[in-house]
Structure formats: structure tokens, C-alpha cells
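Two forms, one chain: they're shown below as C-alpha cells, one block per form, named structure 1 and structure 2.
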Structure 1
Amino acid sequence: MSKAQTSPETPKRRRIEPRTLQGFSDYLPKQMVTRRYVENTLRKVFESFGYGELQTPCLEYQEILTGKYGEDEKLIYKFTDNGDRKVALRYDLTVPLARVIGQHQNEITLPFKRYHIEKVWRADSPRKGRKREFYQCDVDIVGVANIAADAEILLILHTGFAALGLDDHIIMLNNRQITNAFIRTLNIPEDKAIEVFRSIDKYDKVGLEGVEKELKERGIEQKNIPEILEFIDCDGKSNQQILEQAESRVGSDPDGQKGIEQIKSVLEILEHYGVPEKNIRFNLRLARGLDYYTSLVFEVLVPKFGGMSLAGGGRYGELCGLFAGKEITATGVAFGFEPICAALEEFGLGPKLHVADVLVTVFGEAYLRDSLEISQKLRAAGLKVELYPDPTAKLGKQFKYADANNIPYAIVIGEDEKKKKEVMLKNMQSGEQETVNPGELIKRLAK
């Protein structure tokens, strides 16, 4: 090969260490199988509810993203681009949706129901299930204040998890208005309420004692702490019992009462939709870390998978208005694509790797045309057909390739088969071989 074909910057013998950034992953075909299955399954559910798809840029102006996420805002990937613009990689799909609503007001008819499946980035410390680059699957309704919208989002959540085979999911449900009303009864100053939310939100990570410590550190008076801890204790109680507990605590506070009415309505609608009570739990402990939620919040757990949240969302009454210049409420949820994939793999749910239905081997250069022909015939019959791309490779190597890639059948056309216009079909699992004609072959493989 002549030197002229190589760039002067890449002399031949230099080796570049191949590596990826921490928290960023390659997904090889065998890993993509589950990921593609989860994406396609959720996409189908979203579309069955008539939701359209949205995609937005991965890079946004920094000021679009800042000031929306609370304490974790420091995790936003920020940089200055070649044109000296301050830009950032998107942190979630909700703030971009709110920007879209503001920016395309003339093109969008409200209510706007959309789903969005793309990557987001967070400079988090990488640990189990916490990547720096990961997919989110969001589904939202913009422009409807009625609780029927939240109920539909929760139905989609339930339908999505059921479609993935995670029937034992639990949708946790709360309303920040109830917690706010409760906080008012304690005479905690309004600007401290967010500190209470942030402390409660840590429960799954730090437990009850940890929440107690957080509350102290965040300047909540000692006398209020036992009451807060009692208020959020919902373990082993039915939705009805927790509703009574909440009602007794918020008293006559109108926002608190409204918040409880919303929970009641949602539970009623979901019952009517046929969502089993075991799948939906009112829980006063649920806070959600993000600042932009204003009333209902929800989260999904699958108990046998541990305490990790597999989806989260809520109603955000003000975020769209920040970009639209007028009040537009919205509600929605983000499916946690990465923990869902991890759960399916742990439980052995989802499809097995099966990229091709059959490998058509090539017996030698002289037989390439025959193998080409049968490959095209099988593709025309709707099969996934891999032709071994190197006619000079030995047959044994080609069979090994079929094994390594879990291809269930291999076809060989040698001299005998060519003469008889037949093919040799090998079952890669049993090793069984038989000679069949092309019509027979299609029938056999289409099974």
C-alpha cells in the first residue's frame, strides 16, 4: 500500500490506546438486543396511546438548562464551543420539551402529547446503574390541567412495565401540595420547604436516620423533626389508610385538601382503567429531587430489583411557562431506560441474541454465486440471512462463526448440492445435517 494513501498525521506503526470515558459505554450487538427490545416495546406502548415522537438537539444553550434541576445542577456537562457560545449537553428530556413548547408555539396545538427517546448526560460519579451517558424514555402531556392527564401518564407507566414483563412493579404516588400543606402546619418558613423535600428525597439512600440528620443539617428546627418523620411513615399501610393519615394532618388547608382530592381522583381513574391496587401506592415519603415538580409526583420500583427507581415523573406547572411567557402546565414521566435494561437482564426477561436466522456459507470462490443467489431468495422470503463475506475462509471457520453469533442454522452449497440444485442445511445446535431443495428450505427456516 503506498504511503500516499495514509494521512501524514498517522504514521503506520503508531498505536492509539483504544479507551472510552468512565461512565460511557459501547454496546456490542449482543448487548443491543435487550436495549432495542426495551426501546421498541415502550415505543409501541406510547404509539398505542397516540403519542407522537419528538427529538431535540443534544447540545443546548447553557441558560436553557441552568436553574431548573436543583442541587444536581453541578452535574451538567458545560463547555464553550468554537463560536464562543456557552453550551451544554442536555441533562434530561423535560427541560428541552419545555423549551420546544415556548419556541414552537405557532406550530404546536395544545394539548401536546409526545414521547422522546434519546440520550442525556450527567457528570455523576459512576456507580452501579449510574452512567454519565444514558438513555431516557419520556412521555408527557402538555397543556392539560385536568387530573385525567396525570392518570393517563400513570396508565402508560403501568402498561409499559407490564409490556416489559415487569408485572410486579409498584408505582409510588404523592402530591407535593399535601407535603407543602403539612409543612405549613408546622410553621416552617416557606423558603425552607424545599429543604424538607430534598431531605425526604434521600430516604431510599440514607434511611430514616439519614433523613433525620439531613433535616438537622438543613436547619429544620429539632421540635419539627419527629413530626416530619411520623408524617412520612407509610410502611405497611393501605392507600385508604394513608389518605386518612394525610387528611388528619393537613386539616383545613385548601391546597392540602385539593392535593388529597387529586390523589383520590387518580386512584379512582386507575381503578377504572383496571390497574390492580398492588401496582399503585400512595406514599407520603416520595419527594423527587428535581425542583420543577409542583403537585403530583411519581416513581416506579420493582421490589425484587431492590430500591432503585425505574421511572420517575410528576406534574410541572411552571416549567413550560418559563419559556412560553404564559402559564402552560404539563405532566409526564421518564422511564429509566438503563435500570430497566439491567432489571430485564437480571431476571432473564426479553429476547435472546439472534441476529440472523441463517448463515449461508461459501464453499469457495467458485461457489460464491450460488451462495449469493440462495441468500437473496431467503431474504426475499423475509428471513434475516447472513452470507459469510469471505469465500476464501475454510468451512470450519464459517461454522465457528455461526456458533459464536448464535445463528441457529447454516447452509452449505458444494459440488454435489450445486449439481442437484439443492442445499445442505445444518442445525447448529444438534449438528444434524440434511439435503433439501430451495422450496423446502424456505418452509423449514420460516418456522
Structure 2
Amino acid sequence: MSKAQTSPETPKRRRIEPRTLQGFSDYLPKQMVTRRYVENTLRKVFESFGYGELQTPCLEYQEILTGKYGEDEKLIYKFTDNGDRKVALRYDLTVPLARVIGQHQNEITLPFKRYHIEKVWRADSPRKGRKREFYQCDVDIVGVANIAADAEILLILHTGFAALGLDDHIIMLNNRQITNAFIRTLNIPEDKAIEVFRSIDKYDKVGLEGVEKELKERGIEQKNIPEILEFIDCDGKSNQQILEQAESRVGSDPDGQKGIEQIKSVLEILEHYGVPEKNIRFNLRLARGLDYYTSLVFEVLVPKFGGMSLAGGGRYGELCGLFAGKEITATGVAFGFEPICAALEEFGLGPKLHVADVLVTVFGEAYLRDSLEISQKLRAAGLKVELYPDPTAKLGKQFKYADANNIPYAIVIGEDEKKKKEVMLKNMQSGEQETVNPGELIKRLAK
């Protein structure tokens, strides 16, 4: 071959480094099984209480989101788009709900009950249990001031965690009116009250000494700090003892008294619903850091998962009114979708990957049609069926594939089975094998 006929060298293929942004994640099928399990379980609970699903855009105008989150406002992803509009990514699902109520108030009938499961974004420092892109799972009642609405949200919390197999959950309950009344007895200026809330809210992360340090750094007078620390000391006390403690500190303050009566009413309603006392705890150090909460606030802990909050919410009396132009009260909670999924996986409590109910093996090229036919019959019966895609693969390799993917059964149609018009059914967990006819096979697997 002459020089002129020489083929040009194949250009070196450029390799792009595969990577994701910090705080953002891929979820492989094994992880998606847990995530779908949690989502579907909670969706079923919400709908059993008569709640409908809401979806909203991931982008909002900046002015919709800003001024609603207190210190956390710095975590909002904000930018100017190609149309020179100032926009922001959803920070949570509560403010978009309030915007929907205001924007569609002529189309919505109150009370409005909705659940909302979608992604939100926060420009936070990524670490274990904290991401920049994650799912939230909210359920709210809008337009009902009665304490029965709050009690229903708490019952949904209890029902949801029980449905996930987390029967040892503890719903922590407080009322910001009680804490506000106590703060007034200390003559702390009104503009400093929110600083007390924010300091108390960090108790689970920093402990009592950390709260003391926070109070000092936020400008709370030293003479008031010991009384604040004593007020939030609830360890080892029953709900009744904490109620007595709160009553003795708020005195005759009308808002404080109203807050205590609301706590009593909620506890009474939950008892009537059959919620065990061990699952609900009145806790005076529960504050919830977001500024829009006005009275009842709540969080959920599961002791075996540590002190991490797995759900949080409360009543917000002014947020919807900002968009509706009139007072519309609401109450709701966000299930911690991401920490719940992570905890279930870490402790092995979630479901295993089970994409298919049965693997139909292919004994060889000559038996492919038989395997295809039984696969279709099983799918028509409502089963999830995977057909091994390579008819040249050895049977042992196909069984290993079923094991690796937690497929509980495998079917083999070989020469003997084809002659007898039967199939061999293998239990992948026990290793037991039996020969059955197709009709019996469908009945057996359907169970």
C-alpha cells in the first residue's frame, strides 16, 4: 500500500470524567426500591385520610420565597434566567402551597387537604443526612383553625411511621405560644424572642451547653439564661409533669394559657384515636427554627436512629395570608423522606431489591420460544416476570443472577419439562425444586 493509500490514524477517544455535583446523588435500582417503598407507603396513608396530591413548579419568582425562612434564607438557590427574571429553586413545599392558595383561591374549596412529594433544593454544606437536592414529603390542612386539624396531622404522622414499621417513633409536641409567654415573663425584648427560639431549636445538635453558648452569642442577658435552660429541661418527665411545669411558668398570660389548653386538647384527641402515650411527648425545648410557625410545632424521632429528626411541622397562621390578602390558617408536616430512606437502609429495615417475582431461564436456543410463552402467561396473571436475555448463558449463571437481584423464584423449561408440558420451579432461597404444570404454577406464584 502506498503512502497515499495509508488509512489515517483513529483519533484518540476523549474520556469525560463521570461525576456529580456535591450534594446531588444518583440512585441505583437497589436504592430506588427503598425510596419507592417509602413514597408508596406514605402516599397510601395520605390518601386513606382523604388528601389529594399537589404538584408545583421547581422554579418560583424570588420574591415568592424570600423573607419566609429567617436565617436559612441564605440557602435559597437564586439566579437570573435568560429572560432577565429573578427566579429561585424551591426551598421547601410549604411556601409554594401558600402561593397556590393565594393564586387559586377562587378555585379551591376550604378546608383544602393536600399532600406533596417533590424535590427541593438548598445551598447547604453537604454532609451525612444533608444534601443540596432532595425529596420532601408534605401533608397539610388549609383553612381550619380548630385544634382537631392539628390532631389529624399528628395522627397521620403516627399512622405513617407505623406503616413503615417504625412503631417506636416518638412525636415531640410543643406550642410556641407557651414559649413566647414564658419569654415575656423574663422581660426579654420582642425582637430578641426569635433569637431564643433559634437557640433552643439547636438543642438536639449542640446539647444544653451549646444552647447556653448560643443564647450568649445572640445577645440574651446572662441573668435570663439559667431560667431558660431550666424551663426547657424535660428529661425523664411525663406529659402531665411538663404541663404542670409550663403552667407554673406562664402564669396568667392569656396566650400561654391558650397554648397549654391546645396541648391538652391534642393529647386528649390522640388518646381517643388510640395513639399510645409512649408515641407522643410534650417537649418544651422543641422550637422549630422557621419563622412562619405561630403555635403548635412538632417533630418525630425514632430512638434507634439516634437524635435525628425524621419529620417536622406545625401551624402557620400568616403565610397563606401573605398571598391570599386575607387571613387563612394552616397546619401541616413534612416527613423527612431522605433521612427515613437512609435510616431504613442503614438498619436493614427497608425492602430488598425485588424487581421481579420470578426469573424465567432459557435452557438454550431451542427452548427460547417456550420461555417466552410462559413469561407472557405469567405477566398476564399480574406477576412481575424477567426473562433472562441471553439464551447461550449456562443455567448456573442465570441462577446466580436471580440470587444477586433477590428474585425469589426461577423457572426452567428443559427437554424433560417440554415433553411433559410442565416447568421446573426453583425456590431461590431454600433451593427446593419441583415440577408443576403451567396452570398450577400460576396459582402457586400468585399466592
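Here the structure is a predicted model, which means the values were calculated and not measured. Sequence positions of structure 1, starting at 1, serve as the residue numbers. Rigid core: the largest C-alpha set superposing within 1.5 Å between the two forms.
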**Prompt:** Pick one: is 1 or 2 the form predicted together with another copy of the chain?
**Reply:** 1
**Message:** On a rigid core superposition, would residue 364 pass a 2 Å threshold for CA movement between structures 1 and 2?
**Reply:** yes
**Item:** Rigid core superposition, residue 392 Cα moves 2 angstroms or more between structures 1 and 2
**Value:** yes
**Asked** Would the C-alpha of residue 438 be classed as shifted by 2 Å or more between structures 1 and 2 after rigid-core alignment?
**Response** yes
**Asked** After superposition on the rigid core, what is the displacement of the C-alpha atom of residue 426 between structures 1 and 2, in Å?
**Response** 5.7
**Request:** For residue 405, tell me the Cα shift between structures 1 and 2 once the rigid core is superposed, in Å to one decimal.
**Result:** 3.2
